[in-house]
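Here you get one chain, nothing else, as structure tokens; it is the form predicted alone.
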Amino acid sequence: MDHDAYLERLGATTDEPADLFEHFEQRSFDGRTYHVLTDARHGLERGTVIVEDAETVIRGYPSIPRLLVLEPGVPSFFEDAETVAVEEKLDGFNVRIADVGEPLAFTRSGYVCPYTTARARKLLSLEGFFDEHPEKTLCAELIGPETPYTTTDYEGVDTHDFRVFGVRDRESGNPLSVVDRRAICETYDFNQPRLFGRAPPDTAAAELVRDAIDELDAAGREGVVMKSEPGDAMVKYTTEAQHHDELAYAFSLPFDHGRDFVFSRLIREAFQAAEFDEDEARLQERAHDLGESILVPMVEAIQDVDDGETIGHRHTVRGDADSIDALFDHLHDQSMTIELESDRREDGQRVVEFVKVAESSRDRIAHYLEGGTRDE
């Protein structure tokens, strides 16, 4: 690989190719080799990919900052914007789909996911889109109750589906505006996140965001992403329901998720409670729900291990046999321990229920149940 040429194309903030390319990792998919930036470096996003045989660069997706307080957070963050577009933030699996001689779905960290690639080729009009826009990347979430990564129910999604939330230049990473992206997605019948509306920064929180958060919270949904109309400035904000769900998820496998994961959710919850909860009764209700989300799943995990049951992340996937086999090869390559619970055929498709075994939590809980001590 010509490091000098790719350094210039990438526009990195270093003049020394070795400073950048020592952080790239070589990977392969279906016999093809590609190179991935494993951490954000020198002005480039984590997951930036070089596919050398296609002479292609796919920029990583930028990290989106989070607001903890809507007022004055929204007007401060978007002080240079005329309007703010408010869209739903979906709880799914984030991929970038790019044409490198064939459409491939790249994860945030730069792996090619064979299962998501196969589903994208089947469910999205990729041939038509890339014929007209070969230099673009589709940024999408794989959502629904049957995916190998998330298990969230969405109305109208029986198994899984895609929602395209961004269209970007493949090499520069520059986004289409919100208006242009929504128009081009409609042209190709790509489903998109819900748009709650647009408003000036000074009034967006009161006029749009608070109502959207209240509605999404009642439905148990994740939150919103606020974007400047050009799409170059983005910030996210999540619901109380999402904070509690994520804490319940973490404490159901208490030794598999770090303190940073837990603490960040508690911080979000505290700042939201300080801004939203107007009386002591509402704060007490929130505190009660928060406590349940922490203690109940942890006790249930201890009881499950004591009963000899497997604990971990349960998933259901469906598709053709080859894509399912490729998925499990991919998961095993990630050093995951997989336990199959069901493998059957439905309507010509292979349907597999499986558990990604949480070995750390399982083994630590068993150790303590057997009388082991804990150093504190």
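These numbers come from a predicted model, not from an experiment. Note that residue numbering follows the sequence shown and begins at 1.
Heads up, the form predicted together with a further copy of the same chain isn't pictured, but that's what we're talking about next.
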| query | finding |
| --- | --- |
| Non-hydrogen atom contact Ser125 with a further copy of the same chain in the model of the complex at 4.5 angstroms | no |
| a further copy of the same chain contact at Asp80 in the model of the complex, heavy atom, 4.5 Å | no |
| Ile365 within 4.5 Å of a further copy of the same chain in the model of the complex, heavy atoms | yes |
| Arg168, heavy atom within 4.5 angstroms of a further copy of the same chain in the model of the complex | no |
| Check all three, Pro134, Gly319 and Leu327, heavy atom within 4.5 Å of a further copy of the same chain in the model of the complex | no |
| Interface residue in the model of the complex among Ala206, Val296, Ala281, Leu195, criterion: non-hydrogen atom within 4.5 angstroms of a further copy of the same chain | Val296 |
| Single option in Arg41, His35, His313, Arg66 placed near a further copy of the same chain in the model of the complex, where near means a heavy atom within 4.5 Å | Arg66 |
| Stretch from 197-205, 117-125, 263-271, 223-231 whose residues place a heavy atom within 4.5 Å of a further copy of the same chain in the model of the complex | 263-271 |
| Sequence-ordered list of residues in 286-318 near a further copy of the same chain in the model of the complex, where near means a heavy atom within 4.5 Å | Arg286, Ala287, His288, Leu290, Gly291, Glu292, Ile294, Leu295, Val296, Met298, Val299, Ile302 |
